[in-house]
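Just one chain is shown here, as structure tokens, and it is the form predicted alone.
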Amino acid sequence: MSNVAISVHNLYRYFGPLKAVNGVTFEIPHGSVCGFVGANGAGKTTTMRILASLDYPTLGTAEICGFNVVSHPEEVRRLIGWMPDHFGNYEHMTVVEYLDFYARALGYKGKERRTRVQEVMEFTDLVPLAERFSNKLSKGNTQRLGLGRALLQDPQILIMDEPAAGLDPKARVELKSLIRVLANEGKTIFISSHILSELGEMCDSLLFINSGRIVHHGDSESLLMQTDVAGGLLYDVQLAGDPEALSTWCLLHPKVEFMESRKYGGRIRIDSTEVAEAAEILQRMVKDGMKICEFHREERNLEDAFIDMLGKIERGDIAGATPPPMPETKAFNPPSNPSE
């Protein structure tokens, strides 16, 4: 049996002249958590909807556990749990009634259905909310309800589109904890989010997509340890004196750029990756009368890495796939609200 849970090869999705997905190829192994990163309109949701069999690709293939999403949608739907960024609720339907309704739709009957609904409610901590109306929940509880619905059939693969959007810090921590528990149970999780720091903490790998093309696929550690787009490194400098002196000093030294002011100093960028160069600059600062009490290299955060990645694309340092000619057949247009 193949270890690949999700396989996408040369995937394209055109909406008229718009190339929403433009030659995407990647694989995600079983039991891993993969974060899907990209700006609004980059192609994340379209890719995920194709994987969930809610949209058709214009060209290329997408497979879930070896099943093609176009030719075998029923098999695919039995294997996945789909959690869209927005999903339908119903007036005058309680949380337990909502989950019971979807359990019936999935074919659960009698005692088995009641047991499965109870298990999901306990896992997502929805038991105290069982009699609350499903359309009157807070954002955090609504997301837990959406996760519960996606887990009802105990899927092998979870596809989650922006599940943390709009959540308060407490709800984000709870969601992150649930995702780690699911990952430890061996489920494959494909999750998109704009909260890059949290993706880095809970994901085994990250996929960066820009303008419909994959521009990075790897772990967060390798991304964070790279230099910035121009080949420099960031340092935090703290002074036992006037912090404004640091920015003034940087103006007079071409290899050093003042990036950000902080309470006791600032963040600088040295246009070199050599340790000896940083040591020489530190020595020069001290010689010039700067009262430095702390000087250390900063690790980039994922937001910096993502911005640098976009900078590399603009500079032409990252080449994208060449799209094929536009197909003559009319592109498939899915229903307006297939997730409801």
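Numbering starts at 1 and runs along the sequence shown. Owing to the predicted nature of the structure, the values given are computational and were not obtained by experimental measurement.
A second form of this protein, the form predicted together with a small molecule, is not displayed here; the remarks below concern that form.
Partner contacts here mean any heavy atom within 4.5 Å of the small molecule in the predicted complex, and among 62-70, 271-279, 288-296, 37-45 they occur only in 37-45.
This chain lacks the partner; the member of H194, K187, K176, R113 within 4.5 angstroms of the small molecule in the predicted complex by a non-hydrogen atom is H194. Taking a 4.5 Å heavy atom cutoff to the small molecule in the predicted complex, the contact residue among E198, D100, E257, E162 is E162. A residue is said to contact a partner when one of its heavy atoms sits within 4.5 Å of a partner heavy atom; A20 meets this definition for the small molecule in the predicted complex.
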